[in-house]
Ligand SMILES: C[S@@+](CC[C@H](N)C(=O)[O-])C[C@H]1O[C@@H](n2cnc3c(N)ncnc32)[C@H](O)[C@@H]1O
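Shown next as structure tokens: one chain only, the form predicted alone.
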Amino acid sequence: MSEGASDDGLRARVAAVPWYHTIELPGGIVTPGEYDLRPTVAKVRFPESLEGKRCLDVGTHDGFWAFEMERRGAASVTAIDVADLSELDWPVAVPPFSPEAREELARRRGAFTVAQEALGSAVERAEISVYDLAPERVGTFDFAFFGTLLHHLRDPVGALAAVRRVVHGQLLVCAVFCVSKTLLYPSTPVVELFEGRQPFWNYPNIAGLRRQVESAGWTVVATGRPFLERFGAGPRWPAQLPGWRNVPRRAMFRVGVPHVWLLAEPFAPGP
């Protein structure tokens, strides 16, 4: 088969599934992701080299961060995500999932496979909830990435504590934060609770996010500057945030979603 025919086949596979991440594939093919995380790589404190390290990607979606860890020399990468919509930890008021939605999730899982095969990646995908992480199920890791997931979880501290069970090295958290509460309460941990009609639970300021991480048994060793995580070329889920107080938030979300990164290490109690 010619290289052109091979590229055409990959383009057809890319077009056949919905994409959450913008990923560069061979042949100049770029997936039409809902989010384009390529500029984010330079904004977070990602290790330049992960040579010889066993790494974990929590909430992998299409695998962007897992493939990035592999590209940086990781000895192995485990990428986890849930296997079924019923395992998503969303508020009970979110409408029940239709058969069409379940089919959509299955198609989204296919995006990871397309990217993995096109890249010739050895990343291992494990369908497991973050809450269920345990050494006997996935082993232990030297480095973990936890990206844009905490605000979707009913128990963010419990999720971070579960990661703590399997990571003895560093954890890099890249998370959504509340801009207004950060400006009003820069040193006081504050968490705003969403209305429960969307798949979001909590919206912390940066101090609140830091406290969540610390409460789960981590020591925050560095915090980055806030940045906007940019949207990609693909269709995106609309940010339907009702109420006049959400007008600035809706306007900002047209450009990107406010994020901040924190680098943490397991808390070591003193003598």
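Each residue number is its position in the shown sequence, starting from 1. What you are looking at is a predicted structure, and each value in this text was computed from that prediction instead of being measured.
Omitted here: the form predicted together with the ligand. The next part is about that form.
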query: The ligand in the predicted complex: contacting segment from 121-129, 136-144, 165-173, 186-194, heavy atom within 4.5 Å; finding: 121-129
query: Among the candidates Ala161, Ala75, Val82, Val179, the residue which, in the predicted complex, approaches the ligand to within 4.5 Å (heavy atoms); finding: Val82
query: One residue of Ala207, Leu37, Leu50, Ala216 in contact with the ligand, assessed in the predicted complex (non-hydrogen atom, 4.5 angstroms); finding: Leu37
query: Any non-hydrogen atom of His61 within 4.5 angstroms of the ligand in the predicted complex; finding: yes
query: Contact flag, Ala111 vs the ligand in the predicted complex, heavy atom cut 4.5 Å; finding: no
query: 4.5 Å heavy atom contact, Thr148 and the ligand in the predicted complex; finding: yes
query: Heavy atom of Leu88 within 4.5 Å of the ligand in the predicted complex; finding: yes
query: Whether Trp19, Phe67 and Arg230 all lie within 4.5 angstroms of the ligand in the predicted complex by heavy atom; finding: no
